[in-house]
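Only one chain is shown below, in structure tokens, and it's the form predicted on its own.
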């Protein structure tokens, strides 16, 4: 449990606000959607006028977390409505992002908004200058775990999980489950305690698991088979990586979220300690990195892929590398990073 939560400051901002906007990060995952909908449910239960916003579309399998009657507003699909919500907000809460650039095109609008701003996040090195209150803790599994800790300190909850709605608890549990890859990584002493408390609240953990991990399409499963069949292994660096092209996406009717979890699969191979998924988009190449033990792929992402994240789970982007050269770029970057030598593209 985080003992450094500025409860009084946060409560003061919430109490004085009527219209509250909650924002996640671009290309949202389960922790992003779970944390913003979990906070949405709590604030709506207090009678606040709440708007949950995602900078880009979210995977279909997360749609069960959508607030009834007031679904998540997607910036790329409704820019005018999002800007109107920002302009009229009394309070803006950004969650599961350590810098505003992770909201992509929304960043400047958030900066210009006159409302007080709160940051709630579990990534290292949070950007503090744009926020009135920053609640940052890297010793939690997920932003959803941190949101749970925060809500437990609020005066109207006072540590009583029965004061959380089932919808709120379901959202927070979903973020725990996805950001720990079904409790296989990023676990801390309190993570399972939080999961137990949410289960005791009455959530349907089995149905949540089915929604998150057992609701994929046939085409997604066949795409996963192709990715594994074409996986490239670099034995000397105990690394495996996969390439997902636009051509593959078209052939397998790719939808947002279909590649969720792919990068974790090669970690099941004995001897593999680093994995990567490099996925082509029309504008850039998305890089996902995972590792075992104390291998710091956050440093690899920061050094060579314009990104960052956590020690064992990080990501980034490439903007100036032709798709035909992505594999050799990754292998060269990995070799230089491992050897501590100068990188030559």
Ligand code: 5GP
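Numbering follows the first chain given and starts at 1. Bear in mind the structure is a predicted one, so any value in this text is a computation, not a measurement.
Keep in mind that the form predicted in complex with the ligand is missing from the display, and what follows is about it.
Using a 4.5 angstroms heavy atom cutoff to the ligand in the predicted bound form, none of 220, 249 and 257 count as contacting. Within this chain, residue 313 lines the site of the ligand in the predicted bound form, having a heavy atom no more than 4.5 Å away. For residue 307, a non-hydrogen atom is located within 4.5 Å of the ligand in the predicted bound form, even though that partner is not displayed. The closest heavy atom approach of residue 102 to the ligand in the predicted bound form falls within 4.5 Å. Among residues of the shown chain, residue 123 is one whose heavy atoms approach the ligand to within 4.5 Å in the predicted bound form. Segments offered: 33 to 41, 61 to 69, 286 to 294, 48 to 56. Contacting the ligand in the predicted bound form at heavy atom distances within 4.5 Å is 286 to 294.
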